[in-house]
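Encoded as structure tokens, the following chain is the form predicted alone, with no partner shown.
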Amino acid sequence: MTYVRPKFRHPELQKNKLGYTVDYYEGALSTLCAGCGHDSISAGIIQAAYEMNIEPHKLAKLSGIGCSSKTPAYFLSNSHGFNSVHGRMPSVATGANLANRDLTYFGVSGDGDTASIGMGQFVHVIRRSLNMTYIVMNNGCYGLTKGQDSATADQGSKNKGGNVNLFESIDLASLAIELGATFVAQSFSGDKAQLVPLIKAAMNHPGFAFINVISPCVTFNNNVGSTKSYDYVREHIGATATVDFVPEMQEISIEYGKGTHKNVTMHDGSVIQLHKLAEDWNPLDRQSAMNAVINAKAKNEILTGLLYVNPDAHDLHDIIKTSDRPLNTLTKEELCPGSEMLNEINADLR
């Protein structure tokens, strides 16, 4: 099996304003499970970058650890990339952004990477209003380590082991609004018509832009007790050895109108209810956005769309008044204040 994309493309593929076809924004073939919602999100990122005429060498993609954090290999292969350690992507993004403010920064994380080990970093990257797009591919479980519940797993839900989650879930969208994020959106991996415009808007936002994307896990979204669960099948067949098999499934794709509900059946037969924001929704009202998310959660709904945006946002460089030029372009002479200025600084400290 090869994970290299075939180079042949239709000779009449449409080009964007930079003269690039969409395949220039692709990456390697995905090694995630067939039907994984994360691949739909990667496709959305590719489409958004293509439509926005992003120059790939002027974008940096960063991630942590997890299924979601593997995805930067599957999009924008001509961009800069850094795969950091678990939960530490925001600090790497902060350092890179401070060194070169001229790049577009795109962070990809998961619910485990952000809501558990990376929670402290998530809080502070919002607090500092780093100019970046931060996407969480949220499937409520740790897919790389056999499906344990993550901090975003719904209370009362069952994991692959049949254990019921006793704890309240962390709602990343409402948390981001409360912490002061100036762009907060929520979407579903199968709703490309909604997701692509949200990604484009986030990348245009002058500050911290957060998108929480519900992304089904085809392998661990199955409940113990179901006749289609792996454990049930193993118990009812005779085999010489027990092996794991990940069936090929179709990616879940949906369409529904603004202000309406949509029940979406997951691969395991469970159902989630999405509610798309109405056309007249006011995303400029922060308190209203927080109340709407909380009320939706009480009804077991997942509110999707642009929840909140502050058009007058300032990023970290504005706040700490850094140089207009990227720090990595400044010379030694420009960085050294000189003896007179140094004496003035020291005098102020006495």
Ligand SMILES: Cc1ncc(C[n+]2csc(CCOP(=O)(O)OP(=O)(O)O)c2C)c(N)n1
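Bear in mind that the values here come from a model prediction, so they are computed numbers and not experimental data. Counting begins at 1, following the sequence as shown.
The same protein has a further form, the form predicted together with this ligand, not shown here; the description that follows concerns it.
Contact with this ligand, judged by heavy atoms within 4.5 Å in the predicted bound form, is confined among 193 to 201, 109 to 117, 89 to 97, 165 to 173 to 109 to 117.
Note on contacts: among Leu306, Leu316, Ala43, Ile65, the single residue with a heavy atom within 4.5 Å of this ligand in the predicted bound form is Ile65.
Interface residue among Cys141, Val213, Val125, Ala209, judged by heavy atoms within 4.5 Å of this ligand in the predicted bound form: Cys141. Within 4.5 Å of some heavy atom of this ligand in the predicted bound form lies at least one heavy atom of His38.
Taking the partner from the other structure, this ligand in the predicted bound form has no heavy atom within 4.5 Å of any heavy atom of Gln155.
Along 11 to 34, no residue reaches a heavy atom to within 4.5 Å of this ligand in the predicted bound form.
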